[in-house]
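Shown below, as structure tokens, is a lone chain in the form predicted alone; questions about how it binds or moves come after it.
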């Protein structure tokens, strides 16, 4: 841990006002007047389902595992900012790197005349890739990384078809949206504009599904489609922290290669230590053809990457020709500086190994504490990515709100919002995790 135990970063929760508080209420009212109605409507729907308000708190500051709202309430963040704050909020090394970079170069000329820090990040990512002689495409978000992977697979195989999974989530920009197996509601309004050659297979669950039967279902879903990419999360995140049975991912890789498709591993959430290893797919004994990485990469800043071996990336053609996949802010100097610092922290503080050790102990404590709670269906996960499946989505949304009122930030996941997703910073103090177990049991049994 950075900092000492009495400082912001590893404080226990301290909520002293109703939520949202008086200061936050002014911001919430401004949101209602100015924000896209899709988000305000989502909060209203949740209120209607649960019979309780779901107005947000408004963040003012964050450090380590703590968030402070505009009313001065202190929270323990068990979301790590959707996983982006894997090294903790405002890690001193990341802040220093961004400040230093901002003092000398804020913006460069992208792929025409790049910055030195962009080149250093490319070199670092190429060394971290799970295959030799790697090439890298930078972006700003996980969806950007997936866009690049889909384009790469299409160029490399000449096939537009994609096989994805029910429950899968890969971002909501135009390309990845077609693969969104998490919810039909995301795709339906734009269905006429999305790629049509997408097949969905069921995603199996360890302890319930057999790997060979699951692979048979993949073959059935594939059928005679011209599939160029098989896109999979090694553990489904937003889909409910669903861990597949041992052997499924290896079998999926074999099937993809037998049929001439590329295996695309979406490690945007699971990679860079979150699940106890640098790459979850590699920990399962599988080397994919393309890897998408984001969230933890930027230490809180927007930066992502698609990694592939040179033999696959060669499909982009002669590098002296026109750049057909680029963006003004891809490889932005501030994001690259933050990414280099974040990667250094993950390595120096051995956060992947820590996530494996601390996560295993926390998962066991959760199992023991919740064993007699009748509506807890399952406690599962890997490293510091944990899902607690309840019997009903309304219950989960209610629990998320009650935990917020007790000072813990959590998220609902799963296709019916039935899973409480826990994804804390990788350097979180174990005492904060222990305290949460006690509070969660109280909230569930209240």
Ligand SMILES: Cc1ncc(COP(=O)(O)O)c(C=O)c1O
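Numbering follows the first chain given and starts at 1. What you are looking at is a predicted structure, and each value in this text was computed from that prediction instead of being measured.
The same protein also has a form predicted together with this ligand, omitted here; what follows describes it.
Enquirer: Flag residue 170 as yes or no: does it have a non-hydrogen atom within 4.5 angstroms of any non-hydrogen atom of this ligand in the predicted complex?
Expert: Contact check for residue 170: yes, within 4.5 Å of this ligand in the predicted complex.
Enquirer: Using a 4.5 Å heavy atom cut-off, state whether residue 233 contacts this ligand in the predicted complex.
Expert: Contact check for residue 233: yes, within 4.5 Å of this ligand in the predicted complex.
Enquirer: Using the partner position in the predicted complex, report whether residue 141 sits within 4.5 Å of this ligand, counting heavy atoms only.
Expert: Looking in the predicted complex, residue contacts with this ligand include residue 141, since a heavy atom lies within 4.5 Å.
Enquirer: Classify residue 269 as contacting or not contacting this ligand in the predicted complex by the rule of any non-hydrogen atom within 4.5 angstroms, answering yes or no.
Expert: Taking the distances in the predicted complex, the answer for residue 269 is yes, it comes within 4.5 Å of this ligand.
Enquirer: Counting only non-hydrogen atoms, choose the one of 170 to 178, 366 to 374, 150 to 158, 208 to 216 that falls within 4.5 Å of this ligand in the predicted complex.
Expert: Selected range: 170 to 178.
Enquirer: Give, in sequence order, every residue of 290 to 311 that has a heavy atom within 4.5 Å of this ligand in the predicted complex, or say none if there are no such residues.
Expert: Heavy-atom contacts to this ligand in the predicted complex: only 295.
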